[in-house]
Structures are given as structure tokens and as C-alpha cells.
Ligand code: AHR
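The chain below stands alone, shown as C-alpha cells; this is the form predicted alone.
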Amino acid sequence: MFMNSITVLMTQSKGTINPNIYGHFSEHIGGVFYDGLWVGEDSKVPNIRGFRKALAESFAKIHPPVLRWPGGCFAETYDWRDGIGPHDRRPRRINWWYNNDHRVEPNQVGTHEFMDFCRMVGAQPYVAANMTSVTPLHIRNWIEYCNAPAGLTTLADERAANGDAEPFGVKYWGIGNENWGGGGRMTAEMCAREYLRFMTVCESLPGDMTFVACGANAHDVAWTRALMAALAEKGHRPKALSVHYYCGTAGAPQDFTEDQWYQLLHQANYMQNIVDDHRAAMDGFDPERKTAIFVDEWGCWHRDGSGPSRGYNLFEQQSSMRDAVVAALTLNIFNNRCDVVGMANVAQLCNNLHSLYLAGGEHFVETPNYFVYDMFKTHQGARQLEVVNDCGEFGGGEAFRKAAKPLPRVSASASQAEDGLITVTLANTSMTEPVEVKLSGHGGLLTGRAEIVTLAADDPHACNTFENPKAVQPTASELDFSDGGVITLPAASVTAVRIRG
């Protein structure tokens, strides 16, 4: 009788899984900050220096490595000076998203508040800087303001006067965002020229910084090829190149058919093509693969209005078990390509697309996406292990035959931490059928005390709401696991197996 199997190759690895693959994104859009992350110091909602206490404490538990801010498209009209100094003197601005929701940016969260939040949760800041509507000197001054040693320059003194004498030490700086679209509607050649102009001015500052060039929208490999060629012509290879990819529009977040379940998962699985094909285009100009791919925006983009604000928070959506399986499938793809993916940032953290949290007033809830990140966190910084996946694939019928790579019946990745802990993460992509999987090692045994954590629900449409915040919760068990043991993956589920020999 055929048995589905996952074999972990204990001696074959593509390297270390960069913790930054488990990064996050927080844009000033809709309710991400107001009143999601930020409620204000005078709020009746329990807070830590203005940030929602329950959210900050929950976020810290999943060890967020990096948090991208303040955009997204918001960055393209953002002036960092609007967000420093006394709160009551900060200007209110018509922001990038005003024509969508008619909400004004109050600038209550600026550089100091964001850096405080990063310290609060243990994340590195990743600043997406404006390359569209300001000068290179404007961004250079922001970098100096953030990173100059205490007392060295007037900008460092200004930072100290605003409450932080010590530098923030921001390593990651995105130079531009979506310059093929809202960030100036540039050609790849124009983007390369502008990036070089900004980066050349900014790199004269001291410090170990990674400047991220704006890469392609989804599968636009021609953009990547043209950008890398234009940069190579000037003798430059960026340390990182961003790529954005969203999947969605396959039914509503809580109202989708079985066909739409598979349609969305096939779209999510296309992330393999996104990474592989962009990397192949980059190889012609970067054969040593010194330029990392940062997938610094990704996730499910459904129709908005399904979240608890009922459309008040722009792009806010509910997240069901379908979104959790997409998250697990995508993170497994990144783990298995850890040699080329240096960072990934799910969009977005709260009250928006593919969010980990929904919040408003006194209400706060962790979505199923949150639990996936909690289950996968032991992959961070661990040595990736190759897997042989013999669980079959979904053809999916006529609607899905254009998918470039088949959807696996079971998505899988594995790693081993320095202390020997082995983590295997699995997602059953079938909406209706459970699957039994034999789990084995090759070149070593998967034997020892095991913790098995499973995220599943009786209904794959299930989600957590303010009225029922615990509808979807992981369950955990411990047992003595022997190599070749069989585990059952419920339909539409995510499972993490952690084995300590």
C-alpha cells in the first residue's frame, strides 16, 4: 500500500535559514497604526508608551527579526521630519492613501516611536525611504539622524534632544518602493539611475548598511534583467533586490468554494516561480549570488471590508485557515530557498492584508496567520535540511493547469538548530481530506522526544473574531517519536514537528 512520506536528508543543506525570512511589514495605511498598533499614551487601552500592550507582548513571543516601515506607497510622500519632536507640534498631512479613505496622517508615530517599538519587540528596523519626491540629501540626513554616534554631529544632537542620545543603528534601508508603479512609474533603467544617485550620496556615511534596490512587481523578470544590467553597466551590484508578490481575488476571505481554495493555493505556490525566475535573471549579472532577494511584501490580498471595522480600515480583511495554509506554504518555499532569499516581510502586521492581528478599541485578536509564525519560529537561524517529498501533487482541474509548478499535497521544510533540535513544518493543502505521512530521516534518524503542534479547524473558513477570538487555536502534544513514524495531518491544516534526540 502506498504511504505518503517526507524524508529529511540530514546531511544535505542549502545553508542557514536567515531569521529575516520571518520579517514583517507595518505601513501607515488604514488602521495598521491608528488604532491598531498605536493607541496613544493617554488611552484607556493598556499600552506601553502608546503601543497596544497586548499586541506588543504577543508579537515579541514569535521573535520578529525585522520590521519594515513606514511604507509601502506611504513612503513616497513621507517627510521624516514630520514625525519627530513634540507630538502636539507635529503636522497633520494628506497622505498617500487619502483618496481611498479620507483619513489624515497625524504623525503621532514617527522615527523615535517606531524605533522604540522595534526595541520593545526585539526586531531590527528596516526603513523604506522615499526616492520619489525628495532629494538624496533628505534621505542621507535621515540616515545620519538615526545612526550617527552620540554627540558627533548636529543631527545626532537633535536626535538626543528628541529623546534618544544613542544611535538607532538602522542597517536596512530601502531606496525607493514600487518605482515601477506608484513610486514614480519609472522604467527599470530610470530606477537604476535614481537608485545609484541616492545610494552614492548615502553610502558616504559610516556604518554597515544594506541598501535595497527596488525590484520587480510579481513575475516581471524583464524589469529585473534590465535593472541589473543598468546597474552592472555602472559597475554596481546591490546587496539586495526587493520583489513584491500578492495572491488573492479567489472568493471572499470567509466565503470561498473548494475550487477557490485551490485557486488561491496555486497562486501562492507560484512564489516558487517568482523566486527562481528572478534569481535566474540576476545570475547573468551576479553569478556569485552576492545580491540577496528580499521579498519585502507578500501575502493574500482579498477584497477589503471583511474585517471587524467593516471597511473603515482600508484593505482590512479577515484571515481564515486558508490564509494560514498560504502562510505556511510560502514560508516553506522560502526555507527551501534560503540560499537566495535573504528577507521576506508579510504584509501587513495589523488590520490590513494577511495580518497577524486585528484590533480596535479594547478589542484585540490573533489571527490564524499569527500561529503559523509561532509554530515556525524555531526555523530562524537554523541549518536548512533538504527534504524528499513523496506525498503527491494536485493537478486541480482545468482552472489550475496553467500553474507553472504543481501544488504539493503536503508542503514541507525542515531545519536543525545548533542545539540539535529538528523542526519539520508541514501544510496539508487539501481542503477536505486528511493525510497520513511517514516521517523519516536519511543520513540520521528522526528519533527522540517530539512536540507536535497542529493548527486546524472543523471548517476551513474558520477565523478569529472579536466576538469569538479563540475559534482557531493550535493544539500541542508530546510523545516519543521513532524514525518512520506516521503522523496524521488534518484537512486544511498546518503542523510543526519538533524532535529532540
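All residue numbers refer to positions in the sequence shown, first residue = 1. Quantities reported herein were computed from a predicted structural model and do not represent experimental measurements.
Separately, the form predicted in complex with this ligand exists; it is not shown, and the next lines address it.
Only one of His266, Arg159, Arg322, His244 comes within 4.5 Å of this ligand in the model of the complex through a heavy atom, and that residue is His244.
Taking a 4.5 Å heavy atom cutoff to this ligand in the model of the complex, the contact residue among Trp301, Trp80, Phe364, Phe394 is Trp301. Of the candidate stretches 159-167, 411-419, 424-432, 175-183, only 175-183 contains residues with a heavy atom within 4.5 Å of this ligand in the model of the complex.
This ligand is not shown here, but in the model of the complex it comes within 4.5 Å of a heavy atom of Leu353.
In the model of the complex, none of the heavy atoms of Phe256 sits within 4.5 Å of a heavy atom of this ligand. When contacts are judged by a 4.5 Å heavy atom cut-off, Tyr22 does not count as touching this ligand in the model of the complex.
Residue contact check for Met282: none of its heavy atoms lie within 4.5 Å of this ligand in the model of the complex. If you take 60-91 and check each residue for a heavy atom within 4.5 Å of this ligand in the model of the complex, you get Gly72, Cys73, in sequence order.
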